[in-house]
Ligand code: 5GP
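First, one chain by itself in structure tokens, the form predicted on its own.
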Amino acid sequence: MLFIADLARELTVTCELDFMAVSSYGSSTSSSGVVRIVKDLDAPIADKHVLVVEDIVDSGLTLGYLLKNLAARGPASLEICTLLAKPGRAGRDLPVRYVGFELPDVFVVGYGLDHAQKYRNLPHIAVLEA
């Protein structure tokens, strides 16, 4: 939510914001392999231009699932923007159009990113040591 708030303040076009909560991590630092929608969109996206804003693209599992789900809802277009990407880990050919920063295979927290719902409030991004 922190990244999208900063991003929205920089947009010069009229837009609507809606939120989903999708998870494949639970309280672990590695993906469980099972994707679940915790909170779905409130408004329909049919015939709208949709920008999916992600905090991080890691394995690609969650985002791949999300893209299929959203595409089935008939948007006019569907693009992806992510603050962080781990290009060496993305096992899928995901069409991420906008990438803020690439990072190595580390688990990061802060600036809205969490581990077991902790550390989201850090004003910076930090590596979580195992």
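Keep in mind that this is a model prediction, so the values were computed, not measured. So that there is no doubt, residue numbering starts at 1 and follows the sequence shown.
Although not depicted, the form predicted together with ligand 5GP is the subject of the following passage.
For the chain shown alone, I80 is not a contact residue for ligand 5GP in the predicted bound form, no non-hydrogen atom being within 4.5 angstroms. Taking the partner from the other structure, ligand 5GP in the predicted bound form has a heavy atom within 4.5 Å of a heavy atom of V106. Interface residue remark: D18 is not counted as part of the site for ligand 5GP in the predicted bound form, having no heavy atom within 4.5 Å.
The shortest heavy atom separation between N69 and ligand 5GP in the predicted bound form exceeds 4.5 Å. In the predicted bound form, E54, D55, I56, V57, D58 are the residues of 34-58 with at least one heavy atom within 4.5 Å of ligand 5GP, listed from first to last.
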